[in-house]
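We begin with a single chain expressed as structure tokens, specifically the form predicted on its own.
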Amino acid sequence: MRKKIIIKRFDPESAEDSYLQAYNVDIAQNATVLEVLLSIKEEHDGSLTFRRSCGSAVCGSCAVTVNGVAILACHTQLSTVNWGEKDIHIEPLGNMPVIKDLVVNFHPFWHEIEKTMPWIEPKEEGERENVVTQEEAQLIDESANCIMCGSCFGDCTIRETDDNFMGPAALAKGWRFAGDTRDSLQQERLELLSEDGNMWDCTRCNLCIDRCPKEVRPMDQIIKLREEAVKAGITDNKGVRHVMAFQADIKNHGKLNETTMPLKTVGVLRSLGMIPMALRMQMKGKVPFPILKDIEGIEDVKKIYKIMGVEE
């Protein structure tokens, strides 16, 4: 079949801005995106630049953005790319500076990985080695499958708006070590990953789960980090305060009080800076009445919390 492939190009030596270049390519029905890129480079334009290596979805080198979605080029058949666009648009990964064409600088990605202390600091051995049970190994199995392709990082909506956010891959890697029972630095890791810009800033949009080609499910690993941090008593941060305020509202009233939530989450002083926005919202009728009325059936909600053992 013949397809129109539109590639976002960038050459730092000859152009100040990126531009789009179209290629009409004859491709096999089951061709992968990587095979299409190789065909263009070999038969149409030898200057096209992109990364690739194993071709088997192991090395993670060939991640690109196709029709707005980060994918692994060797892992995606072109026939499956039908996300609402007639033509095929191929661009570099997002959230990282472009070096040339589809090649991006991974420094921001690796910088965040390095911040997680991605190594095991073994506990002192007694009379025997540190034994890991099958159940303990399963806790970190998914996070250990990450191939560092950067797909989740490239499409992370929080990283797009906040350069301080570590990104899903780094946090998943953080759980791989914080959840390892052989490690002696769990408390330090959890404290580090509880700081601003880390695990509590994830909004759980699920994009990282959708983008990951190896089913690492980064958001699930972030949830595990949060649960373990709370168990470890690391609760003096806005993320935990937000969760506890949310839980208290639902338990006591059956619905969320969005007016008082900022006060409970960031405190009175920091909430003062939100007053101008609150006034604009009030003029648009977007600020609910601060005193909540219990929903119908609130006693049933409280029974659920009691069964779960959540009294406070």
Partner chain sequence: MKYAYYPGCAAEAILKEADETTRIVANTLGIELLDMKNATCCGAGCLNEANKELAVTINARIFAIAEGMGVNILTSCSTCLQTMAKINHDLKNDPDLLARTNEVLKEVGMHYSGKVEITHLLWVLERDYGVEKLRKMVKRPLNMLSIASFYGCHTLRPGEILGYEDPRAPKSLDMVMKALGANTVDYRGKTRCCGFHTLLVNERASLKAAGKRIQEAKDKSADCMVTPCPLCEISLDVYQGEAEKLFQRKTQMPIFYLSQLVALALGADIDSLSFKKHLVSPHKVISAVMEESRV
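We call the rigid core whatever largest set of C-alpha positions still superposes within 1.5 Å between the two forms. Residue numbers count along the first chain shown, from 1. On a predicted model such as this, the values are computed, not experimentally measured, just so you know.
Omitted from view is the form predicted together with the partner chain, to which the following refers.
Participant: Decide whether Cys205 counts as a contact residue for the partner chain in the predicted complex under a heavy atom distance cut-off of 4.5 Å.
Facilitator: Although the partner chain is absent here, Cys205 would touch it in the predicted complex, with heavy atoms inside 4.5 Å.
Participant: Within 4.5 Å, heavy atoms only: does Glu296 come near the partner chain in the predicted complex?
Facilitator: Judged by the heavy-atom cut-off of 4.5 Å, Glu296 is in contact with the partner chain in the predicted complex.
Participant: Can you tell me whether Glu258 touches the partner chain? I mean in the predicted complex, with a 4.5 angstroms heavy atom cut-off.
Facilitator: The answer is yes: Glu258 has a heavy atom within 4.5 Å of the partner chain.
Participant: Would Asn130 sit within 4.5 Å of the partner chain in the predicted complex, counting heavy atoms only?
Facilitator: Contact check for Asn130: no, nothing within 4.5 Å of the partner chain in the predicted complex.
Participant: With the partner chain left out of view, choose which of Ala57, Ile40, Ala31, Val69 has a non-hydrogen atom within 4.5 angstroms of it in the predicted complex.
Facilitator: Contact check passes for Val69.
Participant: Would you kindly say which of Lys100, Lys238, Lys214, Lys115 lies with a heavy atom within 4.5 Å of the partner chain in the predicted complex?
Facilitator: By the 4.5 Å criterion, the partner-contacting residue is Lys238.
Participant: I need the one stretch from 169-177, 130-138, 221-229, 104-112 whose residues put non-hydrogen atoms within 4.5 angstroms of the partner chain in the predicted complex.
Facilitator: Selected stretch: 221-229.
Participant: Heavy atom within 4.5 Å of the partner chain in the predicted complex: which residues of 265-281 meet that condition, in order?
Facilitator: In sequence order, Thr265, Val266, Arg270, Met274, Met277, Arg280, Met281 come within 4.5 Å of the partner.
Participant: Core-aligned, is the CA shift for Gly68 between the shown form and the other one 2 angstroms or more?
Facilitator: Moves: no, less than 2 Å.
Participant: At a 2 Å cut-off on C-alpha positions, does Ile291 qualify as shifted between the shown form and the other one after fitting the rigid core?
Facilitator: True for Ile291: a C-alpha shift of 2 Å or more.
Participant: Checking Lys302 here: with the core superposed, does its CA move 2 Å or more between the shown form and the other one?
Facilitator: Yes: Lys302 shifts by at least 2 Å between the shown form and the other one.
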